[in-house]
Each structure stands twice: as C-alpha cells, then as structure tokens.
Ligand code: ATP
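Next up: a single chain in structure tokens, the form predicted on its own.
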C-alpha cells in the first residue's frame, strides 16, 4: 500500500509536469486582441457568466456597454446593480419575452431600435467591453439582419471585447467568435416546479 509520503512525492512530480506544460502554453500566448465570446446552449448560467465578466471589467476600471434583448419587464438584479454605474452604459429592449408580446412586427421594431444602441457601442473606441445579452434570439427570429450584425462585430475597435448570450447561436456568430461555451442543461429546478428565484434566476 502506498504511504502518505510516497503519494505526496508522486503528486509533487505530477504537479511539476503540469506546471511545465501550463507555463509553456502561457509563454506561447502572445496575442492581445479584443475577443468575441459566445455563451450559448440550453443550460442556465449564460447571462450570469456574462455579467460576471462585466463585473470583472468594471472592477478593472474599464468602460462597458450592455444591451439586453428579450428581457426588460422583470426587475433583474444585473440591471439594478449596473444601470446607474458610471462605467456602464445600459440599454434594455424592454418588451419582455417574445412569447408574452406575441407581436412580431412590434418586436422587430423594438429589436432594431435597440440594435442601434449596440451599433453605437460597437463603434466607440472608449467602450472596452460590450455585452449583447440574448442577442441570439434576434437572429433566430429574423428580427435583425445577420449581415448587419456580423459587420458591426467585425468592424468594431480592435481591442474591444464583445460578449454574446442566448440559446441556439447561429453558425456565423460561432464562426467569428474567439471563445464559445455551450452551456448544457443537466438539471434545472424550474422543471421540478420550483419558481424562479430572486438573485439566482433574475
């Protein structure tokens, strides 16, 4: 049976090998650029992750912009926290969920008016992080022109980061992204009849 000291020695050697590998990868990463991060999938946590990155950015003193599509009728904690922050410009489509509005033409008009704010942020070199929350739905439903969206993302300032959230991110968004996370729905309390919870879900 392996002794504690033998196990500790084996662990140390393994961690030394791991450190060497990680250090090599860090040394090889020499590019600085603005990233496009896409958080998609059916699982919970896409917007939560995005606003976590926003909090980090604000913590570093970066100017940020937020555009929220779909949401707006609920009193979301992220809006309460960031909407009045001097480093954050915050815009909300404010129509609520599409299955509540049930008015495609009105949703298209609202999406296009809201996208105008996003385009302004994506042209502003002083804005270092732009969060486009639930943008994927606007493309899936055809509320926004995909060419126009891709062009704005492609032509943004070189050091500007963009975070995009929402289910079913289309291939064009995934193709231009630098980082893509597909959040899997393994288990969700709502499916067991639990109401959405303040601070956890909104």
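Positions refer to the first chain, counted from 1. In this text the structure is predicted, and so the values were computed from the model without any measurement.
There is another form of the same protein, the form predicted in complex with this ligand; it is not shown, and what comes next is about it.
Chemist: Partner absent here, but in the model of the complex, which of 130 to 138, 151 to 159, 171 to 179, 54 to 62 has residues with a heavy atom within 4.5 Å of this ligand?
Modeler: Of the stretches listed, the one contacting the partner is 130 to 138.
Chemist: Taking this ligand as it sits in the model of the complex, is residue 34 in contact with it (heavy atom to heavy atom, 4.5 Å or less)?
Modeler: Because no heavy atom of residue 34 falls inside 4.5 Å of this ligand in the model of the complex, the answer is no.
Chemist: Counting only non-hydrogen atoms and a 4.5 angstroms cut-off, does residue 23 reach this ligand in the model of the complex?
Modeler: Residue 23: no contact with this ligand in the model of the complex.
Chemist: Within a 4.5 Å heavy atom cut-off, is residue 19 in contact with this ligand in the model of the complex?
Modeler: Answer no; every heavy atom of residue 19 is more than 4.5 Å from this ligand in the model of the complex.
Chemist: Whether residue 10 contacts this ligand in the model of the complex should be assessed with a 4.5 Å heavy atom distance threshold; does it?
Modeler: No.
Chemist: What residues of 162 to 182, in sequence order, lie within 4.5 Å of this ligand in the model of the complex by heavy atom?
Modeler: Residue within 4.5 Å: 167, and no other.
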